[in-house]
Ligand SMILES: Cc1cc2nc3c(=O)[nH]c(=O)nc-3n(C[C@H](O)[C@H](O)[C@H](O)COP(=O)(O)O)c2cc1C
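Only one chain is shown below, in structure tokens, and it's the form predicted on its own.
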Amino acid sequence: MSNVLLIHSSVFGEKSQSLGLARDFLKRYRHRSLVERALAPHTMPHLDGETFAAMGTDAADLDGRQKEAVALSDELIAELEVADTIVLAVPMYNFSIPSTLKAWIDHVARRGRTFRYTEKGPEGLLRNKKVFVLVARGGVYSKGTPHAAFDFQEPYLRTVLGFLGMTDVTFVHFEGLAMGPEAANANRSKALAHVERLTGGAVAEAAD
């Protein structure tokens, strides 16, 4: 069974549609432990110059002030390293991700810890992890739809997660939330059906 890290970033907190879908997923997904990280402006600060500089400094060369500056980055990376499965609950804001989730990414994307540069190019160090991304969107932007080109959420997350070594990434889309109750309910049913298919396979695999 998996050690799960749940990360959510909606401004609506527990009323979030993406978080609700993630909780539905976790009710069905067999796991050993769960660590939950709620991202909000007061818990997930954006990088400042001092922190950015300290993150680029070798650990052996950090002074006391710099160690304090990277303490949050160290904590967030440690959560990722321990987790076997990462569950991201992600609303779409202005065709992309919440700024707090971008701040989290900025803290965990750290040379020498979660990626490194080699003669063959960059190499992600967070390997052998499953990632499930439960997204909620007011419109419909999935592949093959008229507005698919407006989706800067999934391509970005696939790219940055892959850069860090997390290439086993599955998305579940809950779309059409702003298109009326009938469309929202129909699309929620589709999202839950996808969750059922995924967790059926995941439970069977975990039981082996």
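Residues carry their position along the shown sequence, with the first being 1. The structure presented is a predicted model; accordingly, all values stated were derived computationally and were not measured.
Absent from the display: the form predicted together with the ligand. The rest refers to it.
Stretch from 108 to 116, 124 to 132, 72 to 80, 94 to 102 whose residues place a heavy atom within 4.5 Å of the ligand in the model of the complex: After filtering at 4.5 Å, what remains is 94 to 102.
Partner proximity in the model of the complex: Gly165 to the ligand, non-hydrogen atom cutoff 4.5 Å: No.
Partner contact for Val87 in the model of the complex: the ligand, 4.5 angstroms, heavy atom: Contact check for Val87: no, nothing within 4.5 Å of the ligand in the model of the complex.
Exercise: Met44 in contact with the ligand in the model of the complex, heavy atom 4.5 Å: Output for Met44 is no: heavy atoms all beyond 4.5 Å of the ligand.
Partner contact for Leu26 in the model of the complex: the ligand, 4.5 angstroms, heavy atom: Leu26 lies outside the contact set for the ligand.
One residue of Val172, Met55, Leu177, Leu157 in contact with the ligand, assessed in the model of the complex (non-hydrogen atom, 4.5 angstroms): Here the answer is residue option Leu177.
Residues of stretch 129 to 160 in contact with the ligand in the model of the complex (4.5 Å, non-hydrogen atom): Contacting residues: Ala136, Arg137, Gly138, Gly139, Tyr141.
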